[in-house]
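Here we start with a single chain on its own, the form predicted alone, put down as structure tokens.
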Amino acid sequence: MNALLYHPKGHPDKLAYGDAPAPVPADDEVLIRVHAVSLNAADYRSMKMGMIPKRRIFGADIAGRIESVGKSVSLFKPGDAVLGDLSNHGFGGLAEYAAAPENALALKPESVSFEDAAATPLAAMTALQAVRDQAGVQPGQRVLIAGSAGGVGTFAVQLAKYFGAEVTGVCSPGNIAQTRSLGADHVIDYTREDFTKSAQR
């Protein structure tokens, strides 16, 4: 299969286009034909720290269609459109095919493109863990989201609103309209106001 492989002398950024054997899924894994992949912090930080995937193929966030399933897989069938985060499962998204355990995947809604789906998993899960699991946001609370226009921030704004909070986003002037469109009740332009010096909490 075609893949972008890690190569110390590869260009650009130590990646080189090449050929690699297609992965063989284990009993609890599925084989996915990758339609879209997005690059994020898990990819470049792992590469920077020298944590190279065993197969030398980066690409954590993917979206694609299942080609085959292992004998113990029960959640998916061939033909299902899925998205997932492979950062804890050996990466592998920068290739024609990737193998992943079923618990790393979710069904892709029909209304969402493969490209949008591939840009969702890591950022959305990070926001969900922060807003729901760590902060335990409840209705009526006031939540400040610094970096409301970033990958995690855009999901955090929407999730905090979903959980009933009054949301203030902090971003640059060019992202104020976007932050408001995601549901923020208030927006602070960090180039004009230092929210850490505000009397409001």
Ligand SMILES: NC(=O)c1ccc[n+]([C@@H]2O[C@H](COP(=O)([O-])OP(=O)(O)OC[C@H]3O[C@@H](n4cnc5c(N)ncnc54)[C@H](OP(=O)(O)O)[C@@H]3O)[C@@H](O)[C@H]2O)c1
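Residue numbers run from 1 along the displayed sequence. Fair warning: this is a prediction, and the values are worked out from it, not measured in the lab.
Omitted here: the form predicted in complex with the named molecule. The next part is about that form.
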Which of these stretches, 90-98, 72-80, 104-112, 121-129, has heavy atoms within 4.5 Å of the named molecule in the model of the complex? 121-129
Taking 4.5 angstroms as the cut-off for heavy atoms, does residue 17 touch the named molecule in the model of the complex? no
Counting only non-hydrogen atoms and a 4.5 angstroms cut-off, does residue 153 reach the named molecule in the model of the complex? yes
In the model of the complex, residue 40 touching the named molecule (heavy atom, 4.5 Å): yes
Is residue 66 a contact residue for the named molecule in the model of the complex, using a 4.5 Å heavy atom cut-off? no
Name the residue from 31, 135, 47, 149 that puts a heavy atom within 4.5 Å of the named molecule in the model of the complex. 149
Looking at 57, 170, 159, 143 here, can you tell me which has any non-hydrogen atom within 4.5 angstroms of the named molecule in the model of the complex? 170
